[in-house]
Structures are given as C-alpha cells and as structure tokens.
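Shown here is one chain on its own, the form predicted on its own, set out as structure tokens.
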C-alpha cells in the first residue's frame, strides 16, 4: 500500500487551489462539499469560479500564487494545468511543510484524491494508487447505484438517536435494533413518507425493542408491490433490485421472467401465483390471503408483477387485503410493457401535432373493453396501447371500424417486448386478426393502435408524398 487512506478534518481549515481552469473546477466542486475555507489563486479564472466567489463559497485572488499564500493551509492543490506552474506550486507547499496534490501527476503529489461516493455523513473513498482511475470510476458508479439516496438521511437521524438507543442492553439486542433500522424500518419509512416518516418509525422500532425490558422484539412484516418491468433484467429499477435482495418471500406472476427471479436472494421462498388467459389461474382471493399471511408472520414479502404493478395489475385489491390485515406496504413502480414496446419500434406514445394523449386498455376484460369511447379511439391520430388483446383482436377491429377508423390504420403487435425472443409485427387494422392468427403468438403481446414501426412509418410517409 503506497497511499494510506485517511479522512481529514476540514471544518474551519484552509485549502488552497492554484488554477482557474477545468482541473481546478473539478477539484473545487468536490472541495465545496466540505466545510473547508477555500482560497483560489488564478490569473484567468473560469466564470463559475467568479460566481462562487461572489456567492462567498470561496475566496478568489486573481493573480499567480506566491510565497506566503500557502502558509497555514491544510492542503494545497496545484491545478494550473501547466507543468512549470504546477511544479512551482508544489515547491512552495513543500517548503511550507504542507501536503500538495498536483493534478494528474501522481509522482509529484504528496497525496491523491480518491473517487468518492457521497452519502453525507457516509463517505466511501475508492483509490487505485493511480494504477486504474477508470476502474475506480466504475466501482464508484456501481456503489452509487447500490446505495440509496436515503442513506445519508438515515445516518444523520440515527446519529441523533444514539444517546436514546444506549438505553437498550449492549450487544446483540442493540446491534439488532440498529440493523433493522438501517436495513428495513428506515428505508421503508423513507420510501413511504419521506424524511418526515423516518423519526416516528425509529421511535416505534425502539418501543418494540424496549418492550418487556428489551427481551422481545417481534418482527413486523411488510409487503412491497414491485414492478418487474417487461422482462429484460436490465430494465428492472434499482429500487426493485434492492427489494428482491432483501425479500423473504417472492410471490410472482406468470409473466415474470426466470432471469429476474434469479435476482432474488437465495434464501427467499418463491411462490408462483401466475394467471393465464383462459387457462389455469390462482384465484385472486388466494393471492390476497398468501400475501397477508406471510407478512403477518413477519416476512418481507415482494409481490412481483410483470411490467408496472399500477397498470392492470389488480393492485388495489391486494393493497386492500394488506390494510385489512394490518400489514404495511409500499409500491415500487416498474417500466410498463407499452413503454418497452414503443421503444422497440422506435416510436413514442405521444407526438406533437399527432396526439396529445394515449389510452391504455385491456382486452382481457371484455366488458370493460366494450365500454371504451370508441369514437375517440377511432379518430385519426389516436394512439392506444392494448394489453392482453390477442383474443379480442377481431372485436377490437370491428368496434373501431364501426366508429369510423380506416382499414389502413397502422397497428403494431409486439410480443415479448424487451426480451431476446421479442417479435414485432407491423400490420393494419383491416389485417390485424389475420396477422395475429398467422403468427401463432404464444407469449405476452401488446397491440399498439395508431403506430407503425419507425422504418415502415417512414416508407408510408414517402409514398404519401410521392402520390400527393
């Protein structure tokens, strides 16, 4: 180890930066997160540095650094991006016995600044001793993705509560209290109610651990309704990944892919409650009962739904079951299959001058399907995303054409959107039932009314111009 990692106390200390260009800006953006007093010396400082000086975020002196300017400083940064000027700054710092970092010059530096993950007051420093700065940035990006933004909030609230928590017996019980706060209770309270919900949740948890002299602390269950996205594991949200990482029980739909289920922790119980149109199905009442029962037993339950759980996912019924059972819950939204499908065909759901709204409807519930505003859906330029509509394609065609939709209205069918076996079928309203029948689709399919794949749409536009 050539560089020993330490955390320096910067509050009230003076840090000197020589330079006013891109290198100095990069260091200053980091240094301004500290409580240090920043003095910048530059003959031609960037406008941003001048603005920070006007805002009293640093002190700018518009001249070169000279002997005496570094006296009393904790650290010095040589950031003039000029070999001679940087060497002169380093010499001044060494003569004054002050540590100096020469930007992008490891050999001339007395210390290096690591890549930093900032979740104040939690700070993670990553260094490779100059051997692989790109790797350090990659590690930083991975940690940034894994560590929730709430981490710093939880740490600050926990710090303020430490004196109160000392009333718990030292050892396993107190460690268990803090472990549950940082791993479960705190993040869930923050996700549900924001920062205002964390302190009450911490107080409730402390009351549990203080019960009966601190000898018992029953674990409360929780349900996270998680959108698994359209199937591609890389489209799973970070919050969904975290929920799967901590799940005791995962109750999932049929359309959730095996690749996503693989992301659940190995010890989790995986329960398939899939429903298949016109095929075997788990009754909704049984699903409600399963969710509530596992949560009442103290489990962290992830109810994993394909796409976004708030779109045609019977979410309200399951929430009502949780509330009736006295079980806490949160919602983790996901990418709905309509978004994945239009991305696959290179289109957008709305477009200025074409449509300012989009309709989401399901063909699985024929009664609800029949109650749509068909006149509006049949109007030129209308766009609709029809979920579970394969079996209702002829009904859809008849209703739309009956209300004035043209037979050449573009329609795209996307099967298994975002997955390796994805299939895209560009067709027209007149040919829709035949197209679906000929394709013998057996995967989840979404029908995009009013949209053609971008290449086909461009060809159609060119033809229209040619014969105009």
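As the structure is a prediction and not an experimental result, all values here were calculated from the model. Numbering follows the first chain given and starts at 1.
This protein has a second form, the form predicted together with ligand SAH, left out of what is shown; the following refers to that one.
Among heavy atoms of residue 230, some come within 4.5 Å of ligand SAH in the predicted bound form.
Interface residue remark: residue 307 is counted as part of the site for ligand SAH in the predicted bound form, having a heavy atom within 4.5 Å.
Put simply, residue 387 is close to ligand SAH in the predicted bound form: some heavy atom of it is within 4.5 Å. At the 4.5 Å threshold, heavy atoms of residue 419 reach ligand SAH in the predicted bound form. In terms of contact with ligand SAH in the predicted bound form, the residue from 177, 312, 329, 190 that brings a heavy atom within 4.5 Å is 312. The partner is absent here, but in the predicted bound form a heavy atom of 255, alone among 270, 139, 168, 255, sits within 4.5 Å of ligand SAH. Per the 4.5 Å heavy atom criterion, ligand SAH in the predicted bound form is contacted by stretch 332-340, the sole one of 350-358, 332-340, 87-95, 143-151.
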